[in-house]
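This document starts with one chain, in the form predicted alone, laid out as structure tokens.
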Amino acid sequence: MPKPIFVLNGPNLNMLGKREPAVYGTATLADIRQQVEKHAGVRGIATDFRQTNHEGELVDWVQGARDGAAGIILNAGALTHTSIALHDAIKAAEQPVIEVHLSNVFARESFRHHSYVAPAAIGVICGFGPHGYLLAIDAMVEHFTKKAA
């Protein structure tokens, strides 16, 4: 796989380890990045790991994946539940997307039960904490293996 997998993170994920540890755990985003890079590296996959608090920047990164990435692992944070622009960017990128959430969004407030990302994604992983990112790497590898067969 010559192109990296973009691992994109949205608003407030820079606060991991400090923000609501009972919900999101104590791992920081830097900890998760290290785990992702190690896990992907063992599988021979490059990643491009980023975080932003700005919807437009996240949309730009998703659009950039069209030519710059093999696929996208996306934890859009609260933008998952609000951003039609992000949904449209995912559709335009024409890349496989796996939606990831640290918490089980379906066990939380009802406004978190709707995702604008999910209809444009090949799958959703939620509720497994940082391990969800590693599951997403494995799922992306499986997706490309099946596609190549």
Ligand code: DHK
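Residue numbers run from 1 along the displayed sequence. Since the structure is predicted, the reported quantities are computational estimates derived from the model, not experimental observations.
Separately, the form predicted in complex with ligand DHK exists; it is not shown, and the next lines address it.
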Self-check item: One stretch from 116-124, 34-42, 54-62, 77-85 that, in the predicted complex, holds residues within 4.5 Å of ligand DHK by heavy atom
Solution: 77-85
Quiz prompt | Thr28: touches ligand DHK in the predicted complex, heavy atom cutoff 4.5 angstroms | solution = no
Exercise. Check whether Ala93 has any heavy atom within 4.5 Å of a heavy atom of ligand DHK in the predicted complex, and answer yes or no.
Key: no
Exercise. Find out whether any non-hydrogen atom of Gly17 is located within 4.5 angstroms of ligand DHK in the predicted complex, and reply yes or no.
Key: no
Quiz item: Taking 4.5 angstroms as the cut-off for heavy atoms, does Ala89 touch ligand DHK in the predicted complex?
Solution: no
Practice problem: For the heavy atom contacts within 4.5 Å of ligand DHK in the predicted complex, list the residues of 13-42 involved, in sequence order. | Solution: Leu13, Arg19, Tyr24
